[in-house]
Each structure stands twice: as C-alpha cells, then as structure tokens.
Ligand SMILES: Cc1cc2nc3c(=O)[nH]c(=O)nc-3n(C[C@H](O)[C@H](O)[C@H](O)COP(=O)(O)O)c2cc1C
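Take a look at this single chain in structure tokens; it is the form predicted on its own.
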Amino acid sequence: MKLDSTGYIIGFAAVVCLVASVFVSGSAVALKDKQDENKLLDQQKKVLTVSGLITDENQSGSNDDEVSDLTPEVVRGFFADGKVSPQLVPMPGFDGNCDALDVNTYDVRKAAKDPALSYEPGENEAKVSSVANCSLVYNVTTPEGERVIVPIRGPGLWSTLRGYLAVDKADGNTVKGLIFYEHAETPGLGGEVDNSRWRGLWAGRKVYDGDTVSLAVKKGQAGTAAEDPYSVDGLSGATLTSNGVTKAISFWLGPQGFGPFMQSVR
C-alpha cells in the first residue's frame, strides 16, 4: 500500500485515534480516585474559607494557629479537631431520619440521583429536580462565633452553580459569607461569582424577613448591609447568573430546602 494512498492515511489515523483513546481512558480510570480526592479537598477548603477559618489566599487562619502551608493534612485537621462538624439533616420531603448514615462517607450528590434515596421537590425556579432525603450541613466554630454552612445550587447561564452559604448560628439569619466551588460561567461576567470583592459584599446581609427568604441579588448597586440588608450588587453583564444565585438561595433556604432546619437554628 502506498504511504500517500487514501486507505493508508485513513488506517493510520484510525490507529492513532484508537491508541490515544485507550491511553486517555486508561489515565482517567487510573486517576479517578485522585481526582475525587482533590474535588473533596477543594470543597473542604471552600467550607473553611466561607466560614472565615482561612483566608482567600489560603495562607493563614483567622484564629491563632498560623497556617503557612495549607496541605491536605492541615485542611483535614480542621475537620478532625472539631472546628468543623458535618451533620446530616432530613429534608422536608423525607419522613425518616438520617441517624443510621455515616456522615463521613455519605455522598449527597450521588444520593440525589438515586430515586430510592431522594425525592422530587416539585416545581421551583431553581430548577432543582431531585433532593437527597438527607443533606449535609456544616457546623463551624470560629473565634468570632459559630456558623452553619448550607450547600446551595441553582441555574447559571451555562452551568449549575454549586456553593455554600455561611449563616451566623447566633440568629440563624445573618450571612457571614458566600462561595461557589463549581460552575462554568463566563470569565469576567458570570464568573465574577468568584471575585473576592463581590463575595465580600454578602457579609452582614440578612436571609429572612420574618419567615420569608428575602435575600436577593439586585440589578445594579445595593446599599450597605445596614442600609439594604436583603440586597447584594448584581453582576455587571450577567443577569442570568445573578438571578441564578437568587433562585438558589430562595430554594435552599426556603421551605423546600433547609428552611425547616434553619427555623430550628433560629
């Protein structure tokens, strides 16, 4: 067969593609455990950051313990020494309890995809199609007080926004921080949900006005937390992402989400 013949070129290309696909697939399988471990570590860092135990720069703690190198061991140490305590809580559409589950191994995301371990919450603006019977929250002790960290998720422009909202446990209403650990929003637009300046605007805002979730991202600029406690600046050029953040908070802090649990905190 001639090296420049159509058959040779197609055959050679097919072999290269086959070898490459086998190599990529093999690497993905071999590295899956490491990838899962890194994802969990990143989420744990986000919990520590939104609670105020570590800074955005991941260089030092807000407590007396200096964290010069935020290694996996240091991150896990916050969870091991009791500063961060995970808790499984039953969600509104579940009549049972979560006591028999292992909080350290329970996978909420996997449970939400299993019809036997989840339920459909009904129509909602956050487009949440299933809720795990038992969901994970974090109780965090900081030098400034106790926080409760609840996971939220909602629709962005291009992706599902997944993150954590930290609320002061003293009143169950004052926001201490907001952070996202997963999304695929446009850099410079919806991707500004990662901007530390914007995230800093959330501290001091209020979730509930009475029993109603009133916290929202508004179009334009909001006042200070004291002047405008239920509003946060909108993201310029990213209306759908801003709306998605509002919908996520409204659902997960409301009666279909962690509302009953937060009522017990309050």
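Numbering starts at 1 and runs along the sequence shown. Everything numeric here is computed off the predicted structure, so don't read it as measured data.
Omitted from view is the form predicted together with the named molecule, to which the following refers.
Trainee: Pick from 208 to 216, 194 to 202, 235 to 243, 39 to 47: which stretch has non-hydrogen atoms within 4.5 Å of the named molecule in the predicted complex?
Mentor: Contact-bearing stretch, as computed: 235 to 243.
Trainee: With the named molecule left out of view, which of Ser129, Asn97, Ser85, Thr186 would have a heavy atom within 4.5 Å of it in the predicted complex?
Mentor: Here the answer is residue option Thr186.
Trainee: Could you tell me which one of Val137, Leu157, Ala111, Met91 places a heavy atom within 4.5 Å of the named molecule in the predicted complex?
Mentor: Exactly one residue meets the criterion: Leu157.
Trainee: Whether Gly190 contacts the named molecule in the predicted complex should be assessed with a 4.5 Å heavy atom distance threshold; does it?
Mentor: Taking the distances in the predicted complex, the answer for Gly190 is yes, it comes within 4.5 Å of the named molecule.
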